[in-house]
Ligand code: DAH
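Given next, in structure tokens, is a single chain: the form predicted on its own.
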């Protein structure tokens, strides 16, 4: 590809040297810099260039374009040529298409969220939503998190009204598991829901953490649901979204609202020049009987599993974004590539 670009530059500059009139100069411009010119045709092949070579090829294309435009302007000045116009009597190339306006698109996080909802929707999950301003009853108590649990520490949560361990306290939810509780309070099994949404934790912002991020929580409650159903669902999700060669694994862990519990890891390459590494996407497990009792379900009759993913981490893995901050800085140089 770089050889083609170099050849194009040499041939264009050589032919420009033979131009001796304003009309010939305009024909040269159309042939080399026009919307259907040689430079555009070569640039169209950029999509076939290997990903790791695209920055170098793109840079070279821009250099050649700038060089040809500069040479064109210099030649035009030397000939005393002017831009063709009706007033000057020169012809207009009516066959040359206009420049299409730049059109924006939805943010990458919004698109990833919709894609995840679509994948799980094909598995039979419906979307449920809940408030972002929550009480401790739904954010902690009914999720089997005792008062001394580290996750309930006031410095690890955003309280808007009242204080920790106060029934009247209001806080920004720290997890979308609150939606599961609200759904189970109002509906009887079987249930199969996902709840995507924003959550808030006063984390120190770095390459993998933010004080506001997005989660997608899943819940399946029915008779005779097992850990096999959970692992199958997660593996099928990974391969449906990331491809058939996705490498995934479950590692035993602990969460107060599931037992047994596990963390869901996937092998992801965040930078093209670095090897893939195991990245934790979220937690999962079988719903703890204490959670069922808190919402009025009989744990002897019903079983279920739950899982939760960080949508940012999935977006980073899908699109090779090495730093979560790049998703929120609104830098068009980044967003145009996603």
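Just so you know, these numbers come straight off a predicted model, no measurement behind them. Residue numbers count along the first chain shown, from 1.
Beyond what is shown, the protein has a form predicted together with 3,4-dihydroxyphenylalanine (DAH); the following relates to that form.
- Checked against 3,4-dihydroxyphenylalanine (DAH) in the predicted bound form, the residues 201, 152, 192, 170 give one hit for a heavy atom within 4.5 Å, which is 201.
- None of 284, 291, 311, 68 but one reaches within 4.5 angstroms of 3,4-dihydroxyphenylalanine (DAH) in the predicted bound form through a heavy atom, and that residue is 284.
- When 3,4-dihydroxyphenylalanine (DAH) is considered in the predicted bound form, residue 157 lies well away from it, no heavy atom lying within 4.5 Å.
- In the predicted bound form, residue 217 approaches 3,4-dihydroxyphenylalanine (DAH) with a heavy atom inside 4.5 Å.
- Using a 4.5 Å cutoff between non-hydrogen atoms, residue 297 does not count as a contact of 3,4-dihydroxyphenylalanine (DAH) in the predicted bound form.
- When contacts are judged by a 4.5 Å heavy atom cut-off, residue 255 counts as touching 3,4-dihydroxyphenylalanine (DAH) in the predicted bound form.
- Here the chain stands alone, but in the predicted bound form its contact with 3,4-dihydroxyphenylalanine (DAH), taken as any heavy atom within 4.5 Å, falls in 300 to 308 among 300 to 308, 34 to 42, 57 to 65, 269 to 277.
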